[in-house]
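Consider the single chain below, provided in structure tokens and representing the form predicted on its own.
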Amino acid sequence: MAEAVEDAVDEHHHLPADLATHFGEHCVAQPCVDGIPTVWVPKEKLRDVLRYLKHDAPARFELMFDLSAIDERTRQRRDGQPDSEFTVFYHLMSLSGDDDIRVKVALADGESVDSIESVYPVANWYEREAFDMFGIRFDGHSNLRRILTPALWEGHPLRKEHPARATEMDPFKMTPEFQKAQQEALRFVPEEWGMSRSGKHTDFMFLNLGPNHPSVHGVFRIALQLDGEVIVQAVPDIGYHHRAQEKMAERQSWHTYIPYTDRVDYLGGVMNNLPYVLNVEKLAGIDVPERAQVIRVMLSECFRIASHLLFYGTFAQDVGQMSPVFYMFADRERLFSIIEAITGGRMHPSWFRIGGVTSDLPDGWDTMVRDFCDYMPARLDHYEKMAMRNKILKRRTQGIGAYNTEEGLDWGITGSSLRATGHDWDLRKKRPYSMYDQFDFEVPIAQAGDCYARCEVRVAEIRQSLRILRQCVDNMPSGPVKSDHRLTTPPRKERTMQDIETLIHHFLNVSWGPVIPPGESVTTVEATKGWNSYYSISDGGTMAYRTRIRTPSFPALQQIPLISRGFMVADLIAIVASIDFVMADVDR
């Protein structure tokens, strides 16, 4: 076993061998396409391994970026991996050491594994999700219950035997008895969540905020325990928007799944396509032409601006200002007209492709983008006076819902919300992709870590995105917008009417999709709301064996109890507004 560890270790990477030294020869390394060190550890040593990686390893892994599971029972291509019916994996990141590691645990069907929320608090919701989707139990978890599906849901959706379509199930029936049972299951029982109904000198009040309320930004519910107007405890309740995005990936070809990604963060548009297509390209070994890469950057930054403008306007609206949101939506519409002229779509253009983009830029695109870059700075100056310098907005948001960098990392916070604590990690700078290393821009940060700081960073990012857009216009490379690689989808059509082999190849790639070589890979990008990643497993077929979507909004909502306790209900509205989340990004 120890030799297996050494054989799989990259000559520049010591982590798997380091774990084998500390925890024995049963720590087995697995090579992956993405190059991230991947180590299988015995389930009995999991908690000790993760505690070591967080606190004692040469590079401290402060962030548990992701946790989920894989149903391995029907997988054919598992060369070099230990026997496993279900695999729980943990993706850890060291921001101080700029490093990653993936830890895996092999389980038999019905076996449990230790909870790690005592090591990484953010694991609470991720373990509940793995229990909900796969039925895996986590020993010692503080409240192991379903999180995305209803309490009375039968089965675990991401197990391979669970139906993927309604046509594979019996017709749905809602009898009066079943409806009553479902409603009873929704009843909030404070004791089940560790809350008491009364204190030493007071009786607590319980209040449902949502799931249908304008200030919770979607179908999202927060159960509040109140002492007067002061929040004693806040329990976020999600899952009302769950659409089984990861399950659908197992029934769509690699190519036809692209439009589904648009609907995850539905305010991020093609930004959702980017990590997915980058990851498939990594698995397939596809090199994307420079022009396509810069076009992707330009469209991604357009959607970053559009998303931040919506956040900016609704943030001001939630703390009492009505005018800004109307101004900012007008600017957002102007930006959507440019996106529509380029892609043919507005919010969900599904425009990126495996190997490049759908089509080349239309005539006049540069004039439209340059005009927008000239137009926006003065508008942002106006909004600065209208909103950010407004004394009422400052009083409502400064010192409210604050956390520091260490707390943010403990709870999986990434992107702008982490940079609001003074931490400067931006993936476009630290781990550049799609030619971001060729662009000149700054990474805005703030120090206070409160609601105002989170808004302040996003406003500054709009200006930096405008800088990137202008550089795209001034330095757009010439050349093709799609790779000539055989697995590019759809393949280029120029030769399809000249020889039968190319026509057959085009037909198969469009109808069935490409056959991606077996392997595992993850790709993470700096999305509109934080770090978004796609972890794809190919079994050598035309569809993904497993697709894991890690979104920034999911852990962000889990942090609400920590940052809202002791504040008033009105403050909670400001806190929720400052998080910048979308429920489709939470529930998927």
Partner chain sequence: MLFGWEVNWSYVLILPLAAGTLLAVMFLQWWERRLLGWLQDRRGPNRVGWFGVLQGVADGIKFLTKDDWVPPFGDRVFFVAAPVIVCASMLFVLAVIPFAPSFHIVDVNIALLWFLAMSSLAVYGVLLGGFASNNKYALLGSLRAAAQMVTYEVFMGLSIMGVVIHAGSFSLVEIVGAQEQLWFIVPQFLGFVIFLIAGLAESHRLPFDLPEAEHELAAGFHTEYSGMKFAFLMCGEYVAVIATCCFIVLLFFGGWLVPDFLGFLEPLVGEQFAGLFWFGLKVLFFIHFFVLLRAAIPRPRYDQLMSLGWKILLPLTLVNLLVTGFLVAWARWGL
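Treat the numbers as computed from the prediction; the structure is a model and nothing was measured. Numbering follows the first chain given and starts at 1.
What comes next is about the form predicted in complex with the partner chain, which is not displayed.
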In the predicted complex, segment of 450 to 458, 227 to 235, 255 to 263, 74 to 82 with a heavy atom within 4.5 Å of the partner chain: 227 to 235
Sole residue of Pro163, Pro214, Gly364, Gly479 within 4.5 Å of the partner chain in the predicted complex, by heavy atom: Pro214
Val297, Leu278, Val103, Ile400 - the one with a heavy atom within 4.5 Å of the partner chain in the predicted complex: Ile400
The partner chain contact in the predicted complex: Tyr433, any heavy atom under 4.5 Å: no
The partner chain contact in the predicted complex: Gln317, any heavy atom under 4.5 Å: yes
Heavy atom of Asn208 within 4.5 Å of the partner chain in the predicted complex: yes
Distance check, Phe326 to the partner chain in the predicted complex, heavy atom within 4.5 Å: yes
